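The structure tokens that follow cover one protein chain in two forms, given apart as structure 1 and structure 2.
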Structure 1
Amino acid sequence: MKTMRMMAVAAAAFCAAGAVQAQEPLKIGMITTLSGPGGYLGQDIRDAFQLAIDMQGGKLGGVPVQVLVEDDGLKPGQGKQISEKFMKTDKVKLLTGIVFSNVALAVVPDVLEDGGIYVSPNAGPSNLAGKECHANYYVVSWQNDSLHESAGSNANNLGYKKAFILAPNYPAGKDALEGFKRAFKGEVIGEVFTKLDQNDFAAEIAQIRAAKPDFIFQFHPGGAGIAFLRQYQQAGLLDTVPMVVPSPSMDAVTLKAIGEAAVGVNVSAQWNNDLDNAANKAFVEAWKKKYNDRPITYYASQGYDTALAIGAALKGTGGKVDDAKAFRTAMLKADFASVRGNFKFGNNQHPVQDWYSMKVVKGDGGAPIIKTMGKISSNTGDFYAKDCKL
């Protein structure tokens, strides 16, 4: 009898402990870049991710969640250190947040090997999209090359024939030019690699003027892109030689920093704040309510979508992440209303989505805006999906 009661007490205590544990929020680890010139990308991803949680009352898919955020400082080594701490000390199973491909390439394989799940809100390097694809690795944003392929298709649609292309001399830059050339049907009459930390482009602009192309394609994310565009416009070339860029070279933040000088630039992206769907309207409205006139970027939309995608998966598994297989089944359904409209996962668990052509025009209030002009392509997957055996 005595033993029975003891067991009952123990069982009750155990149940109580279980109940307490169930109420404890699920921890999601976010490794992202907050310091340095690229810091605003991480900040937007983090804030939009949190915004999605706040909009669902501190939950994702009905499951209370808590986001642990740490700054990787754009250092792969530091990112690794953080992921290790998250997984081993904080027992986090689900990670997200990395902005830059070089950090992702260092961190993601380890996370996967240790049995974690990684959902990318931004970087989608080719190395992880093809043969090396993984059942517990999801990309909500895009595969890197798609950005540049969409720009190439955009140039085709715009009827341009002779291209002059520029990107920094590092793998992401070289991939950008490759991706662009893969989709572009015209002729490339000039190709220039700039320095990685360069921000004065006078020499390159003089070469462009001498080459007389139909248009230029350039990929310079962040500050270098701002500098390039300003100098290009000041040289008086933007009116005569139009510019086609992928989204990282012209987001709402860089646009705000450049101002009117950017009017006329052609952009391609998977999302824009004027896309006409209910999910997007709700997102844009909530963002404006919380952050007023802070520009709303692609990165923010990706962070928000990542949170929604995770939420849909959590709803499917009842908040459990220990069973990666069950999580995968739920995740791949992509049962959420993406702010970009059509969205599903391809066989390599990267997005299959629509790409839009956009242009920088003068807005009603005078400040320039990025306006959606039309669709470039529908339900587009990526180049590396065919090599993935998932």
Structure 2
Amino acid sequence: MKTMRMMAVAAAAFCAAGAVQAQEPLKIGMITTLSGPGGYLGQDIRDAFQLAIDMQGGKLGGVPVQVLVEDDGLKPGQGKQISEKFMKTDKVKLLTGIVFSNVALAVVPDVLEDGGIYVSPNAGPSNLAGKECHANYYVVSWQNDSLHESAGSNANNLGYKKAFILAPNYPAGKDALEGFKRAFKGEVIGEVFTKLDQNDFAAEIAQIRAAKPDFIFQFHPGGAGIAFLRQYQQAGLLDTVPMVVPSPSMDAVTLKAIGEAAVGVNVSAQWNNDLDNAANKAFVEAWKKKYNDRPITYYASQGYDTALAIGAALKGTGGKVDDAKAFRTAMLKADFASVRGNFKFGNNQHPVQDWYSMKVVKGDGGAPIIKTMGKISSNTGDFYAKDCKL
């Protein structure tokens, strides 16, 4: 009898321990840029990702989660060290958060080689979209080139013929110019690579003035984009040489910094805060309630959607990430309501989505806003998907 009682107590203790263990949150490792001129990009991704968790009561897809966040400082080596710590010390299998493609290319291949799963809320370098695609690599934002192809198509629709184009000399910058040129049907009369995080563009602006293009296309995310626009406006070119840009060059933070001088800038993106769908309205309302002192950016929308995509996959696997095949099956269903509207994964696990033309205009109160003007394309994938053999 005593033996049976002891066995019952042991069984009860075992079950209780199992219940406690079952309630332990799933760790998600977030490597992102939180410092320097581009620090707000990672901050918005981080905060919107967490906002999605908070709106679900500390869970994603019904699964309790804990996000471990580290700043890569826009340094590839630092990002790599963080990923190794997450996977080897913290035993994290699911990672996300990287903003810049040079950091992603230093981190993601090792994560995948070590059996991890990576879900990108921003960087989508061309290298990993085609022949080097991977079953454990997903991109929720866009493939880098697609963002700039939309700007090239927007320039065509606006009737421009001669372009001067600029971007930083790093993987995403190279993808930017290639993507733009792939879609633009006119003539590129000037092409310049700037330095990553450059803040003085006097030489480049002089080249633009001398070339006399119909318009310029420039890709400079974060603080570099704000610096470029300020100097371009101060040089008196914003009124004479129009600008057609992708959303990283004119997000809500950039607009707030530039103000009325940005009125007239043409933008293309897959998301804007005025998109009329229920998921977007709920997201915008929740962001304004929690972060009323900060404008909402497309980086935030991507961080939020990334959390929802992961949540949908976790719901499908019951919170398990050890079975990568089961996670992939659930992930690729994209069973969530995206804030951008139409969304699905292509065969290379990058988005197939709609692209919109936008413009900086004066709002009802007189302050400049980014207004959606129309649709550039629908259900659009990326150039490299054809080379992916998953």
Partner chain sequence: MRKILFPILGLALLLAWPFVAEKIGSPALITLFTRMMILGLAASALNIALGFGGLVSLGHAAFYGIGAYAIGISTTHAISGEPFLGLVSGSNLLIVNVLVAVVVSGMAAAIIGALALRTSGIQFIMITLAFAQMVFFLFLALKAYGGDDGLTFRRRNALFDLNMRDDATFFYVTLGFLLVWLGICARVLHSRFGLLLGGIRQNERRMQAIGVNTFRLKWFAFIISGMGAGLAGALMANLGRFVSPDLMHWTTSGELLIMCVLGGSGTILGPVLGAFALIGLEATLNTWTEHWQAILGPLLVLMVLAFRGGLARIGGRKP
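For clarity, a rigid core is taken as the largest C-alpha set superposing within 1.5 Å between two forms. Residue numbering: structure 1 sequence, from 1. Just so it is clear, the model here is predicted, and its values are computed rather than measured.
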* Asked: Two forms of the same chain appear here; which of them is the form predicted in complex with its partner chain?
  -> 1
* How much does the lesser of the two rigid parts rotate between structure 1 and structure 2, stated in °? -> 11
* Look at the Cα of residue 210 between structure 1 and structure 2 with the rigid core superposed and state its shift in Å. => 4.3
* Structure fact -> Students should find the CA displacement of residue 173 between structure 1 and structure 2, rigid core aligned, in Å, to be 2.9
